[in-house]
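Consider the single chain below, provided in C-alpha coordinates and representing the form predicted on its own.
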(Lines give C-alpha, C1' and ligand atoms only; values in the text may rest on other atoms or scores of the structure.)
Protein backbone atom coordinates (compact mmCIF):
# COMPACT_ATOMS: atom_id res chain seq x y z
CA UNK A 1 0.00 0.00 0.00
CA UNK A 2 1.33 3.50 -0.79
CA UNK A 3 2.07 5.37 2.44
CA UNK A 4 3.51 8.81 1.76
CA UNK A 5 7.00 8.33 0.29
CA UNK A 6 7.01 4.63 1.16
CA UNK A 7 5.33 1.44 0.03
CA UNK A 8 4.23 -0.67 2.99
CA UNK A 9 3.04 -4.26 3.08
CA UNK A 10 0.54 -4.89 5.91
CA UNK A 11 0.03 -8.34 7.38
CA UNK A 12 -2.63 -9.09 9.97
CA UNK A 13 -5.25 -11.59 11.08
CA UNK A 14 -7.32 -8.87 12.73
CA UNK A 15 -10.88 -8.52 11.45
CA UNK A 16 -10.91 -4.95 12.76
CA UNK A 17 -7.96 -3.99 10.59
CA UNK A 18 -9.37 -5.79 7.57
CA UNK A 19 -12.64 -3.88 7.98
CA UNK A 20 -10.83 -0.57 8.52
CA UNK A 21 -8.66 -1.05 5.43
CA UNK A 22 -11.70 -1.92 3.32
CA UNK A 23 -13.73 1.07 4.51
CA UNK A 24 -11.03 3.74 4.67
CA UNK A 25 -8.32 2.64 2.19
CA UNK A 26 -10.42 1.12 -0.56
CA UNK A 27 -9.45 3.85 -3.06
CA UNK A 28 -5.74 3.12 -2.65
CA UNK A 29 -4.06 0.83 -5.18
CA UNK A 30 -2.95 -2.63 -4.08
CA UNK A 31 0.70 -3.50 -4.57
CA UNK A 32 1.07 -6.87 -6.34
CA UNK A 33 2.68 -9.64 -4.33
CA UNK A 34 6.36 -9.75 -5.17
CA UNK A 35 6.72 -6.04 -5.95
CA UNK A 36 9.28 -4.01 -4.01
CA UNK A 37 8.15 -2.63 -0.67
CA UNK A 38 10.03 -0.35 1.71
CA UNK A 39 8.64 -1.84 4.92
CA UNK A 40 6.81 -4.92 6.10
CA UNK A 41 4.50 -4.20 9.03
CA UNK A 42 2.33 -6.59 11.01
CA UNK A 43 -0.34 -6.23 13.66
CA UNK A 44 -0.79 -9.43 15.65
CA UNK A 45 -0.98 -10.88 19.14
CA UNK A 46 2.40 -10.60 20.91
CA UNK A 47 2.17 -14.24 21.95
CA UNK A 48 -0.17 -17.21 22.14
CA UNK A 49 -1.32 -16.36 25.66
CA UNK A 50 -2.25 -12.78 24.72
CA UNK A 51 -4.37 -14.05 21.85
CA UNK A 52 -6.66 -15.75 24.37
CA UNK A 53 -6.30 -14.22 27.85
CA UNK A 54 -6.94 -10.47 27.94
CA UNK A 55 -6.30 -10.40 24.17
CA UNK A 56 -3.77 -7.86 22.93
CA UNK A 57 -2.17 -6.82 19.65
CA UNK A 58 1.30 -5.49 18.91
CA UNK A 59 2.63 -3.44 15.99
CA UNK A 60 5.75 -4.83 14.31
CA UNK A 61 7.91 -3.23 11.62
CA UNK A 62 10.52 -5.53 10.11
CA UNK A 63 10.11 -7.66 13.23
CA UNK A 64 10.72 -4.75 15.61
CA UNK A 65 8.03 -3.69 18.11
CA UNK A 66 8.35 0.09 18.76
CA UNK A 67 5.30 0.20 21.10
CA UNK A 68 3.87 -1.76 23.96
CA UNK A 69 0.92 -4.02 23.05
CA UNK A 70 -2.61 -2.66 23.27
CA UNK A 71 -6.01 -4.31 23.83
CA UNK A 72 -7.16 -6.18 20.73
CA UNK A 73 -10.09 -3.84 20.00
CA UNK A 74 -7.55 -1.02 19.41
CA UNK A 75 -5.90 -2.83 16.48
CA UNK A 76 -6.83 -0.32 13.76
CA UNK A 77 -5.78 2.81 15.71
CA UNK A 78 -2.55 1.00 16.52
CA UNK A 79 -1.93 0.39 12.81
CA UNK A 80 -2.48 4.10 12.09
CA UNK A 81 -0.18 5.19 14.91
CA UNK A 82 2.38 2.66 13.72
CA UNK A 83 2.30 3.97 10.15
CA UNK A 84 2.86 7.49 11.52
CA UNK A 85 5.90 6.13 13.36
CA UNK A 86 7.25 4.46 10.23
CA UNK A 87 7.08 7.71 8.25
CA UNK A 88 8.28 10.11 10.95
CA UNK A 89 11.30 7.97 11.87
CA UNK A 90 12.45 7.11 8.34
CA UNK A 91 11.63 10.04 5.99
CA UNK A 92 14.89 11.86 6.71
CA UNK A 93 15.23 13.22 3.19
CA UNK A 94 12.41 15.55 4.33
CA UNK A 95 11.89 17.89 7.25
CA UNK A 96 9.07 16.12 9.10
CA UNK A 97 6.66 18.43 10.94
CA UNK A 98 3.67 17.63 13.11
CA UNK A 99 1.08 19.44 11.00
CA UNK A 100 -1.98 18.87 8.86
CA UNK A 101 -1.58 19.97 5.23
CA UNK A 102 -4.24 20.96 2.71
CA UNK A 103 -4.04 22.35 -0.81
CA UNK A 104 -6.08 24.69 -2.94
CA UNK A 105 -5.05 26.32 -6.22
CA UNK A 106 -1.63 24.71 -6.08
CA UNK A 107 -0.72 26.26 -2.72
CA UNK A 108 -0.55 24.52 0.64
CA UNK A 109 -1.98 25.45 4.03
CA UNK A 110 -0.27 24.01 7.10
CA UNK A 111 -2.09 23.62 10.43
CA UNK A 112 0.22 23.02 13.37
CA UNK A 113 -0.87 22.72 17.00
CA UNK A 114 -0.47 20.77 20.19
CA UNK A 115 -2.68 17.70 20.72
CA UNK A 116 -6.20 18.63 21.77
CA UNK A 117 -6.21 21.96 19.90
CA UNK A 118 -8.70 20.79 17.26
CA UNK A 119 -6.24 20.53 14.36
CA UNK A 120 -7.65 17.31 12.91
CA UNK A 121 -11.26 18.47 13.30
CA UNK A 122 -10.41 21.66 11.42
CA UNK A 123 -8.55 19.63 8.80
CA UNK A 124 -11.68 17.50 8.26
CA UNK A 125 -13.84 20.61 8.04
CA UNK A 126 -11.61 22.15 5.38
CA UNK A 127 -11.53 18.90 3.40
CA UNK A 128 -15.34 18.88 3.50
CA UNK A 129 -15.37 22.46 2.17
CA UNK A 130 -13.25 21.57 -0.87
CA UNK A 131 -9.61 21.64 0.17
CA UNK A 132 -7.44 18.73 -0.99
CA UNK A 133 -6.03 16.61 1.82
CA UNK A 134 -2.27 16.16 1.77
CA UNK A 135 -1.92 14.99 5.35
CA UNK A 136 -3.71 15.04 8.68
CA UNK A 137 -0.66 14.41 10.84
CA UNK A 138 2.71 14.79 9.07
CA UNK A 139 4.02 17.54 6.82
CA UNK A 140 6.91 16.19 4.74
CA UNK A 141 8.86 19.22 3.50
CA UNK A 142 11.27 18.47 0.66
CA UNK A 143 14.68 19.81 1.62
CA UNK A 144 15.66 20.86 -1.90
CA UNK A 145 12.40 22.44 -3.13
CA UNK A 146 10.42 23.39 0.00
CA UNK A 147 7.34 21.63 -1.37
CA UNK A 148 5.18 19.46 0.89
CA UNK A 149 4.76 15.87 -0.20
CA UNK A 150 1.31 14.28 0.29
CA UNK A 151 0.56 11.61 2.88
CA UNK A 152 -3.18 11.37 2.16
CA UNK A 153 -4.30 8.84 4.75
CA UNK A 154 -7.44 8.79 6.94
CA UNK A 155 -7.97 11.74 9.30
CA UNK A 156 -7.78 10.77 12.97
CA UNK A 157 -10.60 12.15 15.14
CA UNK A 158 -11.08 11.96 18.88
CA UNK A 159 -13.95 12.17 21.33
CA UNK A 160 -16.45 14.98 20.62
CA UNK A 161 -14.85 15.81 17.28
CA UNK A 162 -16.13 12.48 15.90
CA UNK A 163 -19.76 13.62 16.02
CA UNK A 164 -18.84 17.15 14.89
CA UNK A 165 -17.32 15.74 11.71
CA UNK A 166 -20.04 13.13 11.24
CA UNK A 167 -22.58 15.97 11.20
CA UNK A 168 -20.84 17.70 8.28
CA UNK A 169 -22.75 15.70 5.70
CA UNK A 170 -23.44 12.44 3.94
CA UNK A 171 -20.21 12.43 1.95
CA UNK A 172 -18.23 12.08 5.18
CA UNK A 173 -17.42 8.44 5.89
CA UNK A 174 -16.05 7.39 9.25
CA UNK A 175 -14.66 4.08 10.36
CA UNK A 176 -15.62 2.24 13.52
CA UNK A 177 -15.33 4.24 16.75
CA UNK A 178 -12.72 2.69 19.04
CA UNK A 179 -13.37 3.56 22.71
CA UNK A 180 -11.08 3.66 25.72
CA UNK A 181 -7.74 4.35 24.03
CA UNK A 182 -5.14 6.52 25.77
CA UNK A 183 -6.55 9.38 23.66
CA UNK A 184 -10.18 8.57 24.45
CA UNK A 185 -12.58 7.47 21.72
CA UNK A 186 -10.92 7.41 18.28
CA UNK A 187 -12.34 7.15 14.76
CA UNK A 188 -10.94 7.87 11.30
CA UNK A 189 -12.39 9.75 8.35
CA UNK A 190 -11.89 8.28 4.89
CA UNK A 191 -9.81 10.56 2.63
CA UNK A 192 -11.62 11.87 -0.48
CA UNK A 193 -11.03 9.98 -3.71
CA UNK A 194 -9.46 13.04 -5.35
CA UNK A 195 -6.89 13.32 -2.56
CA UNK A 196 -5.92 9.67 -3.04
CA UNK A 197 -5.74 9.95 -6.83
CA UNK A 198 -3.54 13.05 -6.54
CA UNK A 199 -1.30 11.57 -3.82
CA UNK A 200 1.81 12.19 -5.97
CA UNK A 201 1.17 15.95 -6.37
CA UNK A 202 3.14 18.09 -3.86
CA UNK A 203 2.32 21.72 -3.12
CA UNK A 204 4.33 24.77 -2.10
CA UNK A 205 3.39 26.18 1.33
CA UNK A 206 1.69 29.59 1.30
CA UNK A 207 -0.01 29.74 4.72
CA UNK A 208 0.75 28.49 8.22
CA UNK A 209 -1.98 28.63 10.86
CA UNK A 210 -1.68 27.72 14.55
CA UNK A 211 -5.32 26.81 15.41
CA UNK A 212 -6.85 26.53 18.87
CA UNK A 213 -10.43 25.49 19.57
CA UNK A 214 -11.96 27.26 22.58
CA UNK A 215 -15.37 26.00 23.62
CA UNK A 216 -17.85 28.88 23.33
CA UNK A 217 -15.11 31.18 22.04
CA UNK A 218 -15.27 33.86 19.37
CA UNK A 219 -13.13 34.02 16.25
CA UNK A 220 -9.78 35.71 16.80
CA UNK A 221 -7.05 35.86 14.14
CA UNK A 222 -3.64 37.31 14.94
CA UNK A 223 -0.46 37.59 12.86
CA UNK A 224 2.58 35.71 14.16
CA UNK A 225 6.15 36.89 13.71
CA UNK A 226 8.56 34.65 11.85
CA UNK A 227 10.99 34.30 14.77
CA UNK A 228 8.20 33.19 17.10
CA UNK A 229 6.83 30.83 14.46
CA UNK A 230 10.30 29.38 13.86
CA UNK A 231 10.73 28.44 17.53
CA UNK A 232 7.24 26.96 17.67
CA UNK A 233 7.79 24.86 14.54
CA UNK A 234 11.11 23.55 15.83
CA UNK A 235 9.09 22.16 18.74
CA UNK A 236 6.74 20.51 16.24
CA UNK A 237 9.55 19.00 14.12
CA UNK A 238 10.33 15.29 14.42
CA UNK A 239 13.83 15.35 12.92
CA UNK A 240 15.11 18.92 13.24
CA UNK A 241 18.08 17.89 15.38
CA UNK A 242 18.89 14.93 13.14
CA UNK A 243 19.03 17.05 9.96
CA UNK A 244 20.92 20.00 11.44
CA UNK A 245 21.62 22.87 9.05
CA UNK A 246 19.44 21.53 6.25
CA UNK A 247 16.45 21.55 8.64
CA UNK A 248 17.19 25.18 9.57
CA UNK A 249 17.30 26.17 5.91
CA UNK A 250 14.12 24.25 5.04
CA UNK A 251 12.14 25.70 7.95
CA UNK A 252 13.41 29.24 7.37
CA UNK A 253 12.48 28.95 3.70
CA UNK A 254 9.00 27.68 4.55
CA UNK A 255 8.36 30.61 6.91
CA UNK A 256 9.73 33.16 4.46
CA UNK A 257 7.13 32.20 1.86
CA UNK A 258 4.10 31.83 4.15
CA UNK A 259 1.52 34.08 5.75
CA UNK A 260 1.52 33.06 9.43
CA UNK A 261 -1.51 33.38 11.69
CA UNK A 262 -2.75 32.22 15.08
CA UNK A 263 -6.45 31.37 15.10
CA UNK A 264 -8.73 30.94 18.10
CA UNK A 265 -12.36 29.90 17.45
CA UNK A 266 -15.44 28.29 18.94
CA UNK A 267 -16.70 26.17 16.05
CA UNK A 268 -16.03 25.19 12.44
CA UNK A 269 -18.66 27.64 11.21
CA UNK A 270 -16.38 30.46 12.37
CA UNK A 271 -12.95 29.26 11.32
CA UNK A 272 -13.53 27.54 7.96
CA UNK A 273 -14.98 30.65 6.24
CA UNK A 274 -12.28 32.78 7.89
CA UNK A 275 -9.53 30.61 6.42
CA UNK A 276 -11.26 30.66 3.04
CA UNK A 277 -11.31 34.47 3.18
CA UNK A 278 -7.69 34.67 4.34
CA UNK A 279 -6.40 32.44 1.57
CA UNK A 280 -8.60 34.02 -1.13
CA UNK A 281 -7.42 37.53 -0.18
CA UNK A 282 -3.76 36.53 -0.34
CA UNK A 283 -3.02 36.99 -4.01
CA UNK A 284 0.58 35.86 -3.97
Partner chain sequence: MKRGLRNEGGLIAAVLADPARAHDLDAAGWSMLIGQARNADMLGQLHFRLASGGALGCAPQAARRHLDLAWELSCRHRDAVRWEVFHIATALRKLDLPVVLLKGAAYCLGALPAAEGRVFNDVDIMVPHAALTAVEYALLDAGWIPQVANDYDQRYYRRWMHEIPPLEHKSRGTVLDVHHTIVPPTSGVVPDAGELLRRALPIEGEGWQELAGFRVLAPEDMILHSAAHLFFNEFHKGLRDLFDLHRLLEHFGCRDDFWALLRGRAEETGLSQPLADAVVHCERVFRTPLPEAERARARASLPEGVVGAMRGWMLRRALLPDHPSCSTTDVSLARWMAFVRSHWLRMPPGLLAIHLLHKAVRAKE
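Here the structure is a predicted model, which means the values were calculated and not measured. Residue numbers count along the first chain shown, from 1.
Below, we refer to the form predicted together with its partner chain, which is not included among the displayed structures.
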Residue stretch of 226-234, 239-247, 23-31, 255-263 approaching its partner chain in the predicted bound form, non-hydrogen atom distance within 4.5 Å: 239-247
Between its partner chain and 35, 39 and 62, in the predicted bound form, does every residue show a non-hydrogen atom at 4.5 Å or closer? yes
In the predicted bound form, the one of 201, 160, 114, 93 near its partner chain [non-hydrogen atom within 4.5 angstroms]: 93
Taking heavy atoms and a 4.5 Å limit, what residues of 213-228 are near its partner chain in the predicted bound form? none
